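Consider the single chain below, provided in structure tokens and representing the form predicted on its own.
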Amino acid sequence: MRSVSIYIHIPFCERHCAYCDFNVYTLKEQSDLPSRTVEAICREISRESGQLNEKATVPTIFFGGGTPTYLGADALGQILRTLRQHFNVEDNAEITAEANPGTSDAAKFQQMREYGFNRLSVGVQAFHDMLLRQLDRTHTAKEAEYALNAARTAGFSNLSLDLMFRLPGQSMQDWQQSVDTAVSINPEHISLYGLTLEPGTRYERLHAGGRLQLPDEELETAMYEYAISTLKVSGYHHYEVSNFARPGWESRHNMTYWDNNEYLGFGPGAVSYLGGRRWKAERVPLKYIEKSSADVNLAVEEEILPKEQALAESMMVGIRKLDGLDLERLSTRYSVTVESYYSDELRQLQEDGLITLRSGVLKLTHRGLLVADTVAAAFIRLP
């Protein structure tokens, strides 16, 4: 039976953060767009499941956004119930929802647990109120701690939190405080993200105009290395470039992406990858709803990946796993001897001290870890 992970995109937020380039919309308080979008997502789930030749088994489900907890627990439960009706969701499936501390409370978390959610990914970003205001976040550091405690009280035994570094005005002391506070809360999983200036964001415009000063590269590296050493000493497994977990609590859903396995996406702008085909749904919620109601194809972009491109992408995402990338397994998957196919690239990366290759397993060195995106880009071959 086919195994496929599922992603649900909830494109609504209270506020559009200064750094965010995701498919996100803010709404007037009385808008009926969220409820109509939920109905459209459920219709898409029903229709797409019918396109499969068999009822697929689902090991992981991830509700992202946007802010899934912008919706009420009943709406989230409605989508999850629809998924269970049309897919074989495994009994021990990992079912995650991203949560914003500003749109979460103990009662909502309790309802979500009752509906079957068993993992929360909380967008804390910083335990520092000044930095949170600059990021346009709607919560304070204390509210973030309250939300995490409320999740525990509601019965969530699998918590993840996000932290950001390389923020405008962020000092090393600020970053150390955030990391240390995160460790003291003792979540099962911590994700760390260095700020990137994405096109079209407020931060990108400010930086282009010379009005946004960021920590320099030396400080950025020091922040990352402080987090690595602190989290390792605190018992976290550094299992992917940006991700740390208590042993056994690694994100199963995200491993789907890093292993370049199949997944289905539902919701405005969601991406799917199935049978070598990748497609993206209509981004704008109102258009998404209208197309869903008319029962027309929701895909606005799609491509069939040639074997060479699929292999390159598997290399690019797989190299991010710190336990290594099994090249023999990739060779079998793509019917090509990977070490020979990428012989020049692998030799150069080894000479530069960025990777090791032993017994068919490719790993980043510590030096390579600091420039992981550069290493990944080496496997792209331009026409």
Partner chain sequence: MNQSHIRNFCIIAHVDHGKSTLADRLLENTHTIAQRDMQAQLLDTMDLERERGITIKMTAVRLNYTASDGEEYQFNLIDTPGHVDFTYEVSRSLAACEGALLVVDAAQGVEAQTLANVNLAYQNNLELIPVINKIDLPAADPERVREEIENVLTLDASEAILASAKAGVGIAEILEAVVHKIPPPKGDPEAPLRALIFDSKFDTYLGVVCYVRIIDGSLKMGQRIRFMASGKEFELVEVGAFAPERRPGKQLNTGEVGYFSAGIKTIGDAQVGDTVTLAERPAKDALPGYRTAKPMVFCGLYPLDGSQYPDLREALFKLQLNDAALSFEPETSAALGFGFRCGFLGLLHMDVVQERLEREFNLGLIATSPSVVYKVFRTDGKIDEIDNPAQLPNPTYIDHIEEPYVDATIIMPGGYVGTIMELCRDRRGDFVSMEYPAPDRAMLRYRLPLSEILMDFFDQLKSRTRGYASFDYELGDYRTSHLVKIDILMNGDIVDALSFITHREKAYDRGKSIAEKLKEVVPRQQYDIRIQAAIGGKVVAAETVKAFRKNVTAKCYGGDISRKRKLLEKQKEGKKRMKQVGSVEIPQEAFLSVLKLS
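Positions refer to the first chain, counted from 1. Source: prediction; values computed, not measured.
If you look for the form predicted in complex with the partner chain, you will not find it shown, but the lines that follow are about it.
Asker: If we define contact as a non-hydrogen atom of the residue within 4.5 angstroms of the partner, is residue 103 a contact of the partner chain in the predicted complex?
Answerer: No, residue 103 sits far enough from the partner chain in the predicted complex that none of its heavy atoms falls within 4.5 Å.
Asker: Using a 4.5 angstroms cut-off on non-hydrogen atoms, would residue 178 count as touching the partner chain in the predicted complex?
Answerer: No, no contact at 4.5 Å.
Asker: I'd like to check something about residue 4: if you look in the predicted complex, is any of its heavy atoms closer than or equal to 4.5 Å to a heavy atom of the partner chain?
Answerer: No - in the predicted complex, heavy atoms of residue 4 and the partner chain never come within 4.5 Å of each other.
Asker: Contact between residue 33 and the partner chain in the predicted complex at 4.5 Å, heavy atoms?
Answerer: Residue 33: no contact with the partner chain in the predicted complex.
Asker: In terms of non-hydrogen atoms within 4.5 angstroms, which of the given stretches 137 to 145, 178 to 186, 285 to 293, 256 to 264 touches the partner chain in the predicted complex?
Answerer: One stretch meets the cut-off, namely 256 to 264.
Asker: Can you pick out, from 309, 153, 234, 297, the residue that has a heavy atom within 4.5 Å of the partner chain in the predicted complex?
Answerer: Checking each option against the partner chain in the predicted complex, the one that comes within 4.5 Å is 309.
Asker: If you check 238, 86, 113, 278 against the partner chain in the predicted complex, which one has a heavy atom within 4.5 Å?
Answerer: Looking at 238, 86, 113, 278 one by one, just 278 meets the 4.5 Å heavy-atom criterion.
Asker: In the predicted complex, which residues of 305 to 321 put a heavy atom within 4.5 Å of the partner chain?
Answerer: Heavy-atom contacts within 4.5 Å come from 305, 309, 313, 316, 317, 320.
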